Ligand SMILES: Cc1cc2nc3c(=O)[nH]c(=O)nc-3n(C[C@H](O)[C@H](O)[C@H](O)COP(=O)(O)OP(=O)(O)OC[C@H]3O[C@@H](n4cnc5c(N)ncnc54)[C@H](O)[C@@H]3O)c2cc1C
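As a starting point, one isolated chain is supplied in structure tokens, in the form predicted alone.
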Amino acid sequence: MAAETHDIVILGGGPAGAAAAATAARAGLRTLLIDKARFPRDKLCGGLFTGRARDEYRRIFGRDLDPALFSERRAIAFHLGPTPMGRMDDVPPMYLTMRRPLDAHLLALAGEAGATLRTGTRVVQIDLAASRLVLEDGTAVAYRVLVGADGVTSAVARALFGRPFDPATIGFALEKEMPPVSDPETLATVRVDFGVADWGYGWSFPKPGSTTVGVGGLQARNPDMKARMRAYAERLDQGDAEGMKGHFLPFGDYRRRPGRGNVLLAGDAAGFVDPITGEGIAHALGSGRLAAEAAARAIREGRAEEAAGLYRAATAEIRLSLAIARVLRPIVFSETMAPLFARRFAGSSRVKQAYMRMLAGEIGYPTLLALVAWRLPRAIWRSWRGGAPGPAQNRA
């Protein structure tokens, strides 16, 4: 049986996949998106949609955020254990959403752009040498460029590199939708708690119909993550943690080379998640767009096999941001430096404002690094050596 042929095939229908599909279709590519799930479907995620994500959304889909999907928040509170580190009002807008309606919305926009959507379909074979997939119904699908936007347990990453992530450096999160809050100030405030998990944090995102509560950190350092989640839920007094669900987080262990030949990785599949803030949606949208743009250029110039090189160059800014975040992470989370960071963070409105401006996309990590380096004593920077846990410096 002859294979279907497409210019670009995208595995995964989340934000990265939808962004890639919409961008590729608008570029005139024969675009197929495949996902094993039928949409709408549930997806574990805090649902924080930052200003950076909003800007990518506007750029990719050419429209403003739908108020029915997003609740704007302009206040954030930081805590370290039981100690408040400061509340900020009138910060750059953040948006809270639920992934079930959001992902279905993004996928619909990709379809409107001209992409062919094939959901509820599993891929049973990825033949990189032949640039071909086989679906569960036996259909063969040929591609010129393949984009793996299939999450942290990516089958495409496994086909490329033997495994989707390094168990020694992967993060893990537990999450549950708690009852909605009634207090107006709590409802209006995004809450982030450092130190709830070892090399991690907790979050409480109050939404109109529920409150998303979660705890995440490096899996290797948190064998007791369920106990930490229960303790955090008890501290917040927002509901019972029983029924919590878990998922892996790349947590800064990103791919230095997010692809090979005519195969590209985007979003969580490439490890493009901020290891300090946990933000992944903005990088998912951005990397999905960049993957499609690299594919379109490579195909247009008759060099599809060089798409990964074009894509790696295009993602240099994302990878630099994550590299700097990895440098800063020991300052935020390590046992020796976290207390000093907490004091500096709590006492410096400039650092907190820079943090929020970074989430909004107004500045990048280089600016934040310069500000933190200026304010932390030299002794801390000297003691930082060897403070990071098991970085995968040679990861592909």
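The first residue of the sequence shown is number 1, and the count goes up from there. Computed from a prediction, not measured in an experiment: that's the story for all the values here.
Although it is not shown, the form predicted together with the ligand is what the next lines describe.
Contact with the ligand in the model of the complex, defined as a heavy atom within 4.5 Å, holds for exactly one of L44, A342, M356, L368, namely L44. Proximity to the ligand in the model of the complex, defined as a heavy atom within 4.5 Å, holds among R255, H247, R191, R132 only for H247. Contact between R326 and the ligand in the model of the complex is not found at the 4.5 Å heavy atom cutoff. Remark: A16 counts among the residues lining the ligand in the model of the complex, judged by a heavy atom distance of 4.5 Å or less. A residue is said to contact a partner when one of its heavy atoms sits within 4.5 Å of a partner heavy atom; G217 fails this definition for the ligand in the model of the complex, lying far away. The ligand in the model of the complex comes within 4.5 Å of a heavy atom belonging to A266. Picking from 200 to 208, 79 to 87, 256 to 264, 136 to 144 the stretch near the ligand in the model of the complex, with a 4.5 Å limit on heavy atoms, gives 200 to 208. Of all the residues from 157 to 196, those having a non-hydrogen atom no more than 4.5 Å from the ligand in the model of the complex are A173, E175.
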